[in-house]
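The data below hold one chain only, encoded as structure tokens and taken in the form predicted on its own.
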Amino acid sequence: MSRIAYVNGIFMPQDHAMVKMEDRGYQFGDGAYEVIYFKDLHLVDSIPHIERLYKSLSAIKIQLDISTQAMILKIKELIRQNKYTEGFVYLQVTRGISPRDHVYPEGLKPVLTMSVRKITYQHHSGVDVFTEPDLRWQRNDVKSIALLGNVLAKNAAAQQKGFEAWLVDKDGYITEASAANAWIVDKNKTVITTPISNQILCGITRQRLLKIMNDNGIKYQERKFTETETREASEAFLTSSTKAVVPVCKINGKKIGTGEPGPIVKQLQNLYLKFVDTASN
């Protein structure tokens, strides 16, 4: 049985869900997207996710005339029609349809599509990551559908049997992972993550974890850290809406700390999953 998708106001079998050839998302990667985890019709941090989507759209001058609450209702209806109890919903908005030209005409109607995937959070006992040069554009705070740099980096890591790629800027600092935020724990048990700027995505899971750490008295700093510092860290991990909290045990083939998930990462895994189990709208 085909999954049900949503295309511009219509629910339909995903096998039949299509957009036109001259959609600017297809032609230019001209659009933005979001991913929201759900469980039992509860959307985890849905409002921050949707607000981030509208912020991304505003940054690239796309206006989608749907309220946050209306969007939530559409998402929940899509989940109901798919009869899934747990998974992810993907929302994508493109500028619209027009003849191929870098200059877009005024008044285009944005195209909104949504789909769901039936996935349960996996328990990761520790993964390997590899560093790759950060070759992306200069507005990584926009959750753009144009992800070629991310795709190439993650595949380069995968070819080395790595789970993720950690991206390194021209000055030697880790920005983030190809599809996640990056974190280390120093010898003083302080959690460190790159501060928000146009060089990284303001991860919703990242923001939630900072609040969890603040509420539970776990020390953290938002500051830049180098590839060298990762080798000196006692623990490391990554976070995303699709992966939750994942311990990183090796970077470029070298162990982080003992080479096993450390106590702080384990604590954060448990605290975040506890939040997910109790989260609701």
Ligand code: PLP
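The numbering used is simple: start at 1 and walk along the sequence shown. A quick note: this is a predicted structure, and the numbers were derived from the prediction, not measured.
Beyond the structure shown, there is the form predicted in complex with pyridoxal-5'-phosphate, which is absent from this document and is the topic of what follows.
- Although the partner is absent here, residue 194 sits far enough away that none of its heavy atoms falls within 4.5 Å of pyridoxal-5'-phosphate in the predicted complex.
- The closest non-hydrogen atom of residue 204 lies within 4.5 Å of pyridoxal-5'-phosphate in the predicted complex.
- The closest non-hydrogen atom of residue 239 lies within 4.5 Å of pyridoxal-5'-phosphate in the predicted complex.
- Using a 4.5 angstroms threshold between heavy atoms, residue 94 stays clear of pyridoxal-5'-phosphate in the predicted complex.
- Using a 4.5 angstroms heavy atom cutoff to pyridoxal-5'-phosphate in the predicted complex, none of 132, 231 and 250 count as contacting.
- Contact annotation: pyridoxal-5'-phosphate lies within 4.5 Å of heavy atoms from the stretch 173 to 181 in the predicted complex, the single such stretch among 99 to 107, 73 to 81, 173 to 181, 154 to 162.
- 33 is the sole member of 220, 26, 54, 33 with a non-hydrogen atom within 4.5 Å of pyridoxal-5'-phosphate in the predicted complex.
- For the partner-free chain shown, 136, 143, 150 of 132 to 158 come within 4.5 angstroms of pyridoxal-5'-phosphate in the predicted complex, judged by any non-hydrogen atom.
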